[in-house]
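To begin, one chain is listed below as structure tokens, in the form predicted on its own.
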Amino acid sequence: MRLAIEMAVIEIEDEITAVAAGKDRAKFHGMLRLNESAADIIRLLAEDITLKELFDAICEKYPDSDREEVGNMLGNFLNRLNKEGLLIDDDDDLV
């Protein structure tokens, strides 16, 4: 899976946002307000990655987090991205 468009994660003071970048600016005019873990997910989705690799990377970055909670958060966020048309999942492995 990967992002359908190129996105840049921008951190200004205490706010993290993602906006379309490069040639994809014409495809998505909004922005996503993110927390730190969502920003990590967006960065990881810049390259093709499997759901398992994504889950493992987030669990590694946040080792004190409950794995079930990470799975739920990840599933909710990926479903949101998918609903907005921002996710390509060639393997049909969305949770």
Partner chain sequence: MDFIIRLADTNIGINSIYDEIHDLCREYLTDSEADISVSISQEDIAREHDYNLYEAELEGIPAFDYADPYLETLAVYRKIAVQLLDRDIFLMHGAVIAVGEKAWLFTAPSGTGKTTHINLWLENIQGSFVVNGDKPLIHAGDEFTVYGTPWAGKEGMQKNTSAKLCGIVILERGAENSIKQVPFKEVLPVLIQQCYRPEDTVQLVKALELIRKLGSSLPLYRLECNMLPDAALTAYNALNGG
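Numbering follows the first chain given and starts at 1. Computed from a predicted structure; not experimentally measured.
What comes next is about the form predicted together with its partner chain, which is not displayed.
Proximity to its partner chain in the model of the complex, defined as a heavy atom within 4.5 Å, singles out one entry of 43, 61, 27, 67, which is 27. At a distance threshold of 4.5 angstroms between non-hydrogen atoms, residue 7 is in contact with its partner chain in the model of the complex. Although the partner is absent here, residue 33 lies within 4.5 Å of its partner chain in the model of the complex, judged by heavy atoms. Residue contact check for residue 19: one or more of its heavy atoms lie within 4.5 Å of its partner chain in the model of the complex.
Mapping the unseen interface onto this chain, residue 23 counts among the residues with a heavy atom inside 4.5 Å of its partner chain in the model of the complex.
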